[in-house]
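Just the one chain here, the form predicted on its own, laid out as structure tokens.
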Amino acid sequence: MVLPATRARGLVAATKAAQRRRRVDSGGGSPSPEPASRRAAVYVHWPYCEKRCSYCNFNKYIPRGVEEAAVRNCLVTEVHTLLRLSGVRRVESVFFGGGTPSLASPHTVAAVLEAVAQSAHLPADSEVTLEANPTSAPASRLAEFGAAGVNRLSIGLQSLDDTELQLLGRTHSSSDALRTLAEARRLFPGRVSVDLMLGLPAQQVGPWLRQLQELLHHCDDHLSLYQLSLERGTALFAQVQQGALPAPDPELAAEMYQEGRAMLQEAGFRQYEVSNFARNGALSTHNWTYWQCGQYLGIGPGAHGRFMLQGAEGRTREARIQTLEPDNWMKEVMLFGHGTRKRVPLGKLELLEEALTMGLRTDVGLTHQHWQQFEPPLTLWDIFGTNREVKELLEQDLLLLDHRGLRCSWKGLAVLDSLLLTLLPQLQKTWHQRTPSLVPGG
């Protein structure tokens, strides 16, 4: 991906760019907080991987002669364009996801961060996360990413069992994973997250819990538990369909999740979101923006975004998707300054549905104050306070509705999907019954 002769020059440029950004930030002082419509997170999609994992259906490609400089220039161009169109003046966090962004050069990461800082205020202490696979992230390369401006790593460990790693199509071993994790913690203490998967074919509760217990001896302050989702079009899906592998057992997966979250709670981790656990305050700032239904800009092939266009009438937020295929995305960026393929205006009800769905994923839930930020004509009490089915969920200690707002109990977080089957229809029903009389001329 990066020729050795250009790598050293790229690292020097990356380091200088990161230092320049920090100097500009410290010299100008911190501006007054911007309104929510002028703040956003930025997600940057690097679409290339060394190989496709057997379970993955993300927008990713195996590189063949990729010209990284051209990709970098398009990422920088799209950053400038979308920040200008959105009118965002302060970027809260930047997340490099993929694909495998640790395959990109540190120079590319630094160039994108510099573009963000040129078009908006990017505080020097903003969270800048890079997803990394153990095999693509030796210690020297991790240090280079740190010099380029990265200050948090998310490591796709997935399993500590080599047989499971082979089943998943991963290119690293468990020893590779632990070695990379140790180096990451040395370079980014307190700011390293790891992923662990559960619910694999033939996986049993006891051995998986022993993996988690082993990981607790090595991990930092953030850990994510993800249940395998068999996606059509993946190699793993085909193997299960053909009978070569047993279908994952949902009851065993549920037991792993319940036992795992209890183990993490005992180890001092806060389950601050359905799949995410943190201690010592090491929450993911970037992901918190998603769950709080904040604005975010999607940069790169296939990236998703949610933001309001500057000067848009009615303050309408848009859902935006960038063109999937990298070469076509690059052509559009060079022609139009961005590669947005699809724009969908979000109505007020749709926005409230998103706020409800995403907010309830967290242990904070939806506070009354946060709900009012979306300017609903109905309060949480109006919608859920008198409904019989919601009252039953409250009595079962799955939900709480009080002076703070609406949230799941610890027990309720584990079954959020089933709770939403009651809550979303109730929101929609109340909206359609009550809003006509609240809208002038309705």
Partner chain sequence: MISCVLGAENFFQLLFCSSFALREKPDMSKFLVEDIRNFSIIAHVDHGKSTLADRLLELTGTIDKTKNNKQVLDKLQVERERGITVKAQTASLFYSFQGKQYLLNLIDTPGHVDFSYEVSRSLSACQGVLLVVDANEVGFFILYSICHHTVCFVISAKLGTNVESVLQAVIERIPPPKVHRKNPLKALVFDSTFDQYRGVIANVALFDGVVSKGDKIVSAHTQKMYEVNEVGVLNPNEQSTHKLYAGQVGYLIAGMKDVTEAQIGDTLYLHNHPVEPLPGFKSAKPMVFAGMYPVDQSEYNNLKSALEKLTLNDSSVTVHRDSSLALGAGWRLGFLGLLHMEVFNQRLEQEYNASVILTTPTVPYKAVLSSAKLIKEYRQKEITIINPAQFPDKSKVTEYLEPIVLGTIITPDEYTGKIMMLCQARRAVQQNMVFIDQNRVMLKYIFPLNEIVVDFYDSLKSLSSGYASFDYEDAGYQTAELVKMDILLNGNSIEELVTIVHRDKAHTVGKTICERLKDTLPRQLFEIAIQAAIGSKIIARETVKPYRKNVLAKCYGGDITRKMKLLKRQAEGKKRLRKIGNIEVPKDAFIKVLKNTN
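If you're wondering where the values come from, they're calculated on a predicted model, not measured in any experiment. Residue numbers count along the first chain shown, from 1.
Although it is not shown, the form predicted together with the partner chain is what the next lines describe.
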Residue contact check: Ser418 to the partner chain in the predicted complex, 4.5 Å heavy atom: yes
When the contact criterion is heavy atoms within 4.5 Å, does Gln258 count as touching the partner chain in the predicted complex? yes
Do Glu389 and the partner chain share at least one heavy atom pair within 4.5 Å in the predicted complex? yes
Is Asp162 a contact residue for the partner chain in the predicted complex, using a 4.5 Å heavy atom cut-off? no
If contact means any heavy atom within 4.5 Å, which of 249-257, 67-75, 210-218, 113-121 contacts the partner chain in the predicted complex? 249-257
So the partner chain isn't shown here. In the predicted complex, which residue out of Tyr296, Phe269, Trp371, Phe188 has a non-hydrogen atom within 4.5 Å of it? Tyr296
Just to be sure I understand the contacts: of Leu309, Met358, Leu283, Ala235, which is the one whose heavy atoms reach within 4.5 angstroms of the partner chain in the predicted complex? Met358
Contacts from 259-298 to the partner chain in the predicted complex (any heavy atom within 4.5 Å), listed N to C, are Val274, Ser275, Asn276, Asn287, Tyr290, Trp291, Tyr296
